[in-house]
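Below, in structure tokens: the form predicted on its own, a single chain.
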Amino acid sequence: MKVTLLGTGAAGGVPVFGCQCHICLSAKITPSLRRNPACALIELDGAAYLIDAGIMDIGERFESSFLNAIFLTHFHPDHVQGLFHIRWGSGFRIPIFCPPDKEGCADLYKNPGILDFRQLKKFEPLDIDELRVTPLPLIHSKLTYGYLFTNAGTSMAYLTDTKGLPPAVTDYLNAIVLDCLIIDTTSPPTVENRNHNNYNDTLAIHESIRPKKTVLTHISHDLDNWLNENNTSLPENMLIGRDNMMIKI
């Protein structure tokens, strides 16, 4: 299983519009410091699955026949905005697996075009090609799922957006050997946000679940600045996610 982080940013991205902080000014001239909306691509045995669709150039990056399915964590704009124009494409219909959110986002349900929305139930696994996908409920302002992806004894959990984890999800992940955890880490440890983890929240989850590797995503410029200013040493098996980072599991 190969995972590529196509975006690792919070809703405002990096650089943030109009911001004059060190990170945002640096990101304007150094592309590697930029952060697009958080999303990822899984490639496995010739199949490809997109997690979230906040990036705006989906149609330029991929042919419609390349994507086997898209998994949406939730229907906030920074996670679905890339769907609004590709829905008017032609050819293959794309399965869009998502939480059972009755509202969705704007008119996506009303005018889906080539998008084939399929609602999932929490903790009920879905087998698609060679991949088993288990939706995991998260703690956010809108109905949100994380996903556990398993194949041939390997496993990866993608958990964003969330503030902590429901006890049932912690118990579920503690019952398996988790190879990789990719998790929302929006803010520095001193910043509280009821919808997103700060660094201390992620550290506590990392220590509780004990994955072989944890990768931070959904990162704000505030966290980037804090990491830069404090020269923080992360645990050996914890990494700061970067756009276009590739992870082999």
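Just count from 1 along the sequence shown to find any residue number. Computed from a predicted structure; not experimentally measured.
What comes next is about the form predicted in complex with another copy of the chain, which does not appear here.
- Here the marked residues Gly59, Ser64 and Gly89 all reach another copy of the chain in the model of the complex, each with a heavy atom within 4.5 angstroms.
- A residue is said to contact a partner when one of its heavy atoms sits within 4.5 Å of a partner heavy atom; Lys213 fails this definition for another copy of the chain in the model of the complex, lying far away.
- Taking non-hydrogen atoms only, Arg118 never approaches another copy of the chain to within 4.5 angstroms in the model of the complex.
- In the model of the complex, another copy of the chain stays beyond 4.5 Å of every heavy atom belonging to Asp171.
- When contacts are judged by a 4.5 Å heavy atom cut-off, Pro77 counts as touching another copy of the chain in the model of the complex.
- Shown alone, this chain has one stretch from 101-109, 144-152, 122-130, 172-180 that lies within 4.5 Å of another copy of the chain in the model of the complex by heavy atoms: 101-109.
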